[in-house]
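Have a look below at one chain only, the form predicted alone, in structure tokens format.
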Amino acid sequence: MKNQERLGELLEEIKELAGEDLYLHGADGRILASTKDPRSELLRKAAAGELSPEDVSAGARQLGWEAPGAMFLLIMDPGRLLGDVAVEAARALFEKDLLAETRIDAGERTSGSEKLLFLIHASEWEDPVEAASLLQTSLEVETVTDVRIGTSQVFDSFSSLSLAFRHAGMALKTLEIFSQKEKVASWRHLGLQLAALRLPEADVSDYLDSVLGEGAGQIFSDSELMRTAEVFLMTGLNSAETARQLCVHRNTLNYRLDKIERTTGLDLKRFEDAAAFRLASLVWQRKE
């Protein structure tokens, strides 16, 4: 252990002269010491798409890094929050289950600029959303800033790191585009939001015209009608519960639903039309 620490110290001294990070490899190709955390660097390269799945697995073997079994990724945009604060909070919360952490200039891969990425061993965290929610809550309480976190599904091989990053990044992007209230999103639960994001930009206008005709703007700009539709869909097309939550008479509710049908041609009391309206509303939010 002392020899390895001494090697690290020597590399740091050489780094000062060389001006770049250095790695010392043993005869078997494994990294004996470095001026960067090699696990974090491997995670960064996998997330940035610089390595193929096969190269990621080979890199982990070179580090002597064995997959612990079930893992998941959390990705967050620190925003006004200092990244160091988030990193320390994650270390304190996950302790030995925090396998690696890194920062990545995500750019177009997730939307926005620098992101913080945490690789977590799922030994005590059966649900990634639970882990993300605890981190999100602790950060907001500590810093009084708005924090949002996207999660991947659980996976068990380092070769899945790049895919898991894309999934977690997509979950974070849905929060940025579609949700003002939710603070945590999981790839597993994206549903129609994923379909709305994957619709090619060139097809957005055509899709809205085909589903809603010329009535899209009129409906989506009416906050009262949109709130009515939102609650109606959230209650599983339950008219009585919708009227109760909106504090309106059933006749008022029916009038609003009828107006949506007259304008768009979609009867929200029918499941197929309700699903089409929901997807169209998400596509509209993305367009705006």
Partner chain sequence: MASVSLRHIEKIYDNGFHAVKDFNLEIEDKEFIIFVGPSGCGKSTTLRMVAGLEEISSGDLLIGGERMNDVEPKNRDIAMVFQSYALYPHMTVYDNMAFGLKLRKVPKDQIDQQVHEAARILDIEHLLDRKPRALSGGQRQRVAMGRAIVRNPKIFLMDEPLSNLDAKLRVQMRIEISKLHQRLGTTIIYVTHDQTEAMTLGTRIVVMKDGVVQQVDTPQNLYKNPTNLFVAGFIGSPQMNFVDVVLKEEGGKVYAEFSGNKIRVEDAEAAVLKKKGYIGKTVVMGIRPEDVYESSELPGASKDQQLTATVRVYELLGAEVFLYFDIDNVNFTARVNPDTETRNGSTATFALDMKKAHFFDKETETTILD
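Positions refer to the first chain, counted from 1. Note that the structure is a prediction, hence the values are computed from the model and not measured.
The following text describes the form predicted in complex with its partner chain, which does not appear among the structures shown.
Interface membership of Arg103, defined by any non-hydrogen atom within 4.5 Å of its partner chain in the model of the complex, is ruled out. Contact annotation for Phe155: none of its heavy atoms lies within 4.5 Å of its partner chain in the model of the complex.
Residue contact check for Gln218: none of its heavy atoms lie within 4.5 Å of its partner chain in the model of the complex. Among residues of the shown chain, Ala67 is not one whose heavy atoms approach its partner chain to within 4.5 Å in the model of the complex. Out of the listed residues Asp206, Glu95, Glu114, Glu201, Glu95 is the one that sits within 4.5 Å of its partner chain in the model of the complex by at least one heavy atom. Residue in contact with its partner chain in the model of the complex (any heavy atom within 4.5 Å), chosen from Val85, Leu197, Ala122, Leu175: Val85. The chain is drawn here without its partner chain; in the model of the complex, the stretch among 222-230, 37-45, 54-62, 258-266 whose residues come within 4.5 Å of it by any heavy atom is 222-230. Contacts between stretch 247-274 and its partner chain, counted in the model of the complex as any heavy atom lying within 4.5 Å, involve Cys247 alone.
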